[in-house]
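Single chain ahead, written as structure tokens, the form predicted alone.
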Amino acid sequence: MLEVSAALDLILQQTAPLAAQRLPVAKTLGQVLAEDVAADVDSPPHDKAMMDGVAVAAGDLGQADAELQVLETITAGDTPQTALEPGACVRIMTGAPIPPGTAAVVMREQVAELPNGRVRVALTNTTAGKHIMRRGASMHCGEVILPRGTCLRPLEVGLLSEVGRAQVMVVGRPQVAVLATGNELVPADEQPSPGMIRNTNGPMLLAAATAAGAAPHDLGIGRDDREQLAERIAEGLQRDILLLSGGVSAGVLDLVPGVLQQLGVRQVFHKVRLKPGKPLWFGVSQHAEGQTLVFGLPGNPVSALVCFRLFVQPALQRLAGQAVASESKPLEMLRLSEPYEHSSERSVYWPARRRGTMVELLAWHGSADLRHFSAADCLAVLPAGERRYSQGELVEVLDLG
């Protein structure tokens, strides 16, 4: 059996970023830029006011207070009609272009109204340039503002719109097909008869793929029948990743590895020195459109989700052109809230919950116990072997995301 790190290395060796595609900016959230983006304008495009108030000339700045004549009012989108001279001012709103001759903007709280279109302006703390943002202070035309490799958040989507990019080249969004297998499975809206259980893995893995930024495709439930499995799996091999849950152990009806071989999927490894998640199967299908990464996940839901976090999520990051978190930063270290006696021949990824700088190992009844696992926000990594952990001892922790 492979260690977790060796299994992940083999997966990433088979994984490369998807081809770039041009998309409307509104549809690129969470995707990675495949090109440098430069500004096509100065921003701001003019010297502008940063406060509501009045614009004053340089000749009036030396006074404690000045009585000034208001020449006009300028709002955002207006064009100034007059140039400022000492003894005059203009009312101005935030974002509006300042008129020629302006030395500073004085906030409206420091302005008192007088009769006949005049105002008294307190200038004691006003210096040249105050509350003015100069043209190009944010960016200059031609400047690269978003380099290739940037992951697009709402902020970057807004910035792309500011520089006139209605469409942009991004790394493709991974397409993930999910097939839950087993004769015992029924849909969530069906009452299970004796011996049957509801399909939790299908919806859970579809949600996990969505949360990881992929486009999910539901293949439903595959029964333990070679012909039906072959049909559903062949459909899934049209996507970038195929996730299968169940059917990868060593039971009589664990048919998935044989069907995958029949369909030309090359096995890379089967089984990892891991708890929960030992039966994990991984292979690659090469076809005319490219390749599909195939993960045969264990049927127990906790095992399936742990394997998704450890192996599928990094593969999705690589496909999407993102930095793989497991390679770019070390695991977090937290202190155990209670002592713990550990004994296992495999590394255990134990459901846990942060408590400030501490981590609490949760009560957990094995890889079918999704209910108690749902209280976890991380996994405590307990290496293989026998060991007594003391309260306060540091352990590695993996964020569940």
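Just count from 1 along the sequence shown to find any residue number. Since the model is a prediction, treat every value here as computed from it, not as a measurement.
There is another form of the same protein, the form predicted in complex with a small molecule; it is not shown, and what comes next is about it.
Of the candidate stretches 75-83, 177-185, 235-243, 143-151, only 177-185 has residues with heavy atoms within 4.5 Å of the small molecule in the model of the complex. Using a 4.5 angstroms heavy atom cutoff to the small molecule in the model of the complex, all of I197, N201 and G247 count as contacting. In summary, among the residues D254, D225, E156, E162, the only one with a non-hydrogen atom within 4.5 Å of the small molecule in the model of the complex is D254. Site annotation in the model of the complex: the residue of T102, Q313, N300, T292 reaching within 4.5 Å of the small molecule with a heavy atom is N300.
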